[in-house]
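Heads up, the chain below is alone and in the form predicted on its own; it's given as structure tokens.
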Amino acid sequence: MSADVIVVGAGIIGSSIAYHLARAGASTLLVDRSAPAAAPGATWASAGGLRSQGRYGPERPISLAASIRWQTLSQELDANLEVALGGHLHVAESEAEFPIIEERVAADRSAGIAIESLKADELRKIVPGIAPSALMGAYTPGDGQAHPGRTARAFAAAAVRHGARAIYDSHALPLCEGGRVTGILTASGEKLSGGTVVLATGAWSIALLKDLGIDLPIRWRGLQMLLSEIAPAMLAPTVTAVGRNLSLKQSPSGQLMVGGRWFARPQAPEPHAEPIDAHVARQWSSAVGILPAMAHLRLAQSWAGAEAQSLDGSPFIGPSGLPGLYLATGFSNHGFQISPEIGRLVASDLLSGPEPLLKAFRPDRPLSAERAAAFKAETILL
């Protein structure tokens, strides 16, 4: 079996890439160690936020294009993705934080993102139950949420409808022969040849790359999520806050989902992780601090997934330096919203020549010293 492109990894990024390649007419093979969006991958663990605001500069045009795609993506993929465009609200809780909101609004407006600056009374029209401490906010009404697992599976299924082949429940090792990657070796020992192998395996990319002699500035982290019992409707937008390690949204089921950069405890065999009880308590308390009505709700579930993070917080997308191997990994907790456009851009990059919007994410780019220093300063508190 052979293909023009073999995509390894059927999370949201790999599945989107496979779909866009197949739709463009490329012979495509999608391979995954389990099934699309399976545990404990980042897509399985994702909160599913659709946030166009507050992005790193080079991501803004990609995020803007993705926000347009999300409006009709369910129809495009012929699947219920549970898209709910209730907006995204980023709040300040002190006057000292106001400049951060103002800078975000100015930067996003300059990139063409529809964003508003809201005062305290305007915040309460969007979220009537928001805490009294919320004094100002940046609001993007076109943002919202979707179901990560459903979306990844829909991309994968649509790829197959467009002619891609899929192999699941099989480990795939990039096969290096004569100084280039020529395909993959499956768990059964079968060699499958491909013109290009795209590695979109998230946290699992680290070990695979090391086996090929590639030391990418990337790490994996276990990040945990919380889910409340079913509650009455109280939150339309997704909510984050300047001074809180928090991502908060209410799912279509009525359950409130609490995320953020809350580290989980690494478990063997890596990359696996489990929630840390002390972090669960602090994570829940942070959500109650911004939405006090949550104090009356019970925690229904907690879980942790494995996320690949680059040392400057931006993904690695492009040729790996080893001929035949292309990378799409290290999305650092914010790949879901941009996934439709990442798939399209990678397909274009592979089939039509260098894609200008991906230049800033090439694996051989110089890392931002400031961003890398801040990233390395993060520690896991156990």
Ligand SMILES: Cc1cc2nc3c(=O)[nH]c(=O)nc-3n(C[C@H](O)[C@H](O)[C@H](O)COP(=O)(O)OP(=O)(O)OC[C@H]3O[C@@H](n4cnc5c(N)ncnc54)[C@H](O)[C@@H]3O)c2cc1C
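Remember, it's a predicted structure, so these values are computed and weren't measured experimentally. Numbering starts at 1 and follows the sequence shown.
Beyond what is shown, the protein has a form predicted in complex with the ligand; the following relates to that form.
**Student:** Residues in which of 126 to 134, 286 to 294, 201 to 209, 103 to 111 have heavy atoms within 4.5 Å of the ligand in the predicted bound form?
**Tutor:** Within 4.5 Å of the partner lies stretch 201 to 209.
**Student:** With the ligand left out of view, choose which of Met225, Leu216, Ala154, Leu235 has a non-hydrogen atom within 4.5 angstroms of it in the predicted bound form.
**Tutor:** None of the other options qualify; the answer is Met225.
**Student:** Please tell me which of Leu322, Ala35, Ile68, Leu357 lies within 4.5 Å of the ligand in the predicted bound form, judged by heavy atoms.
**Tutor:** Of the candidates Leu322, Ala35, Ile68, Leu357, Ala35 is the one lying within 4.5 Å of the ligand in the predicted bound form.
**Student:** Indicate whether Leu21 is a 4.5 Å heavy atom neighbour of the ligand in the predicted bound form.
**Tutor:** No.
**Student:** Is Gly87 part of the interface with the ligand in the predicted bound form - any heavy atom within 4.5 Å?
**Tutor:** Answer no; every heavy atom of Gly87 is more than 4.5 Å from the ligand in the predicted bound form.
**Student:** Is the gap between Arg165 and the ligand in the predicted bound form 4.5 Å or less for some heavy atom pair?
**Tutor:** Contact check for Arg165: no, nothing within 4.5 Å of the ligand in the predicted bound form.
**Student:** Examine Gly318 and determine whether its closest non-hydrogen atom to the ligand in the predicted bound form is within 4.5 angstroms.
**Tutor:** Taking the distances in the predicted bound form, the answer for Gly318 is no, it never comes within 4.5 Å of the ligand.
**Student:** Within 4.5 Å of the ligand in the predicted bound form, do we find a heavy atom from each of Ile62, Pro340 and Val346?
**Tutor:** No.
**Student:** If you look in the predicted bound form, which residues in 42 to 77 sit within 4.5 Å of the ligand (heavy atoms)?
**Tutor:** Going through 42 to 77 in order - heavy atoms within 4.5 Å of the ligand in the predicted bound form - the hits are Ala42, Thr43, Ala45, Ser46, Ala47, Gly48, Gly49, Arg55.
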